[in-house]
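Okay, so here's just one chain, in structure tokens, the form predicted alone.
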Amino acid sequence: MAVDAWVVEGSFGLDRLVRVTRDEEPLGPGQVRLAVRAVSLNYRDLLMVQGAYDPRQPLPLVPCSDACCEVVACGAGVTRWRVGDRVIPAFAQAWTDGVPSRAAIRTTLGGPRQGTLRTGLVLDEAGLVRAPDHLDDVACATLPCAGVTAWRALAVEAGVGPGDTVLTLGTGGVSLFALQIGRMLGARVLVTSSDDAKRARVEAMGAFATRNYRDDPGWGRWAREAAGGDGVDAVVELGGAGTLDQSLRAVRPGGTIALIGVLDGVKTELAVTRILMHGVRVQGVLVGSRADLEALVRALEAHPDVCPVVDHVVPFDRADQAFADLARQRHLGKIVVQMPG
């Protein structure tokens, strides 16, 4: 059978993202053939298409890492899955648990490995996790990257618990998952955004307090005071170079900054004394392991009232438009591409 896919070929750029038809991949031992039902976009996917994430990435490349799929065939020796199972692929296919190895990091979907923006693909059975029954395909497709990133940042790296205070920056997919997961863990969650309408929406979702960072460039002090004066226990740092200084002003001594995004740059001058003298832990977070994805699924099943926030859904034949929507950064939550049928 043929597989339809969106591919970056020739050179990088949104204008080089084209739809193609390919022969389906062979199915080997220990592998499963998947029909892709929905694909969620991440900012990393946009950077990868533009050539900004890894200019040395070989082309052609099928972008995207997130998906919800149905098992349609199993190779010899497969024991974890059966035809008809609904599954979600782990971001780094060979990262099962614990800390990642260099080899495991090289197995990330959507670069360097071929990604999920296609109607069908073949993956090893060990790289898949059962999709939660109570969420539909579109919602499940948002979990592997944005959901797992927020889960690992708060539940694993920062050890957030009841009574803690979390600060998350912006209202993208990771931030909204951080809001939902932080509240599931019993924390108060602060949110910054330059859009007052979005601030109102996250307040309705249960944010403890919000701040317009354009109106208040020194929002780090606001966050520190909102947390009681000593600072927040954890920061979900998505801005990168341009916001790290304020995050250091917001976090309490001994607290954790989960460094995730680079939306506001990758290089900056920084007074490292704020890290040293306050014993702050700055922890890079590269999504998470298969075990982290499994833990997130269990947590969501225990809180069936929590549903991933999807801004809008785009049909597969307009996936290039979904990338253009992502680049404009006007969305709240996730943008999802849905397959026909």
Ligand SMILES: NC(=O)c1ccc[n+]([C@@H]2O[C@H](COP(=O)([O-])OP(=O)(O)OC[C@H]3O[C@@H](n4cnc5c(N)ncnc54)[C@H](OP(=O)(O)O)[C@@H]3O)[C@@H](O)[C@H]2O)c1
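Just so we're clear, the structure is a prediction, and the values are computed from it rather than from any experiment. Numbers follow the displayed sequence, beginning with 1.
Below, we turn to the form predicted together with the ligand, even though it does not appear here.
Contact with the ligand in the model of the complex, defined as a heavy atom within 4.5 Å, holds for exactly one of A250, A90, I260, V160, namely I260.
For the residues C140, L169, L179, A234, the 4.5 Å heavy atom test against the ligand in the model of the complex is passed only by L169. In the model of the complex, the ligand lies farther than 4.5 Å from every heavy atom of T96. Contact annotation: Q329 falls within 4.5 Å of the ligand in the model of the complex, judged by heavy atom distances.
Residue contact check for V287: one or more of its heavy atoms lie within 4.5 Å of the ligand in the model of the complex. Residue contact check for W222: none of its heavy atoms lie within 4.5 Å of the ligand in the model of the complex. By the 4.5 Å heavy atom rule, the three marked residues V8, V62 and L109 all fail to count as contacting the ligand in the model of the complex.
Figure note: of the listed segments 97-105, 124-132, 187-195, 70-78, the one touching the ligand in the model of the complex, with heavy atoms no more than 4.5 Å away, is 187-195. Residues of 107-145 placing a heavy atom within 4.5 Å of the ligand in the model of the complex: C145 alone.
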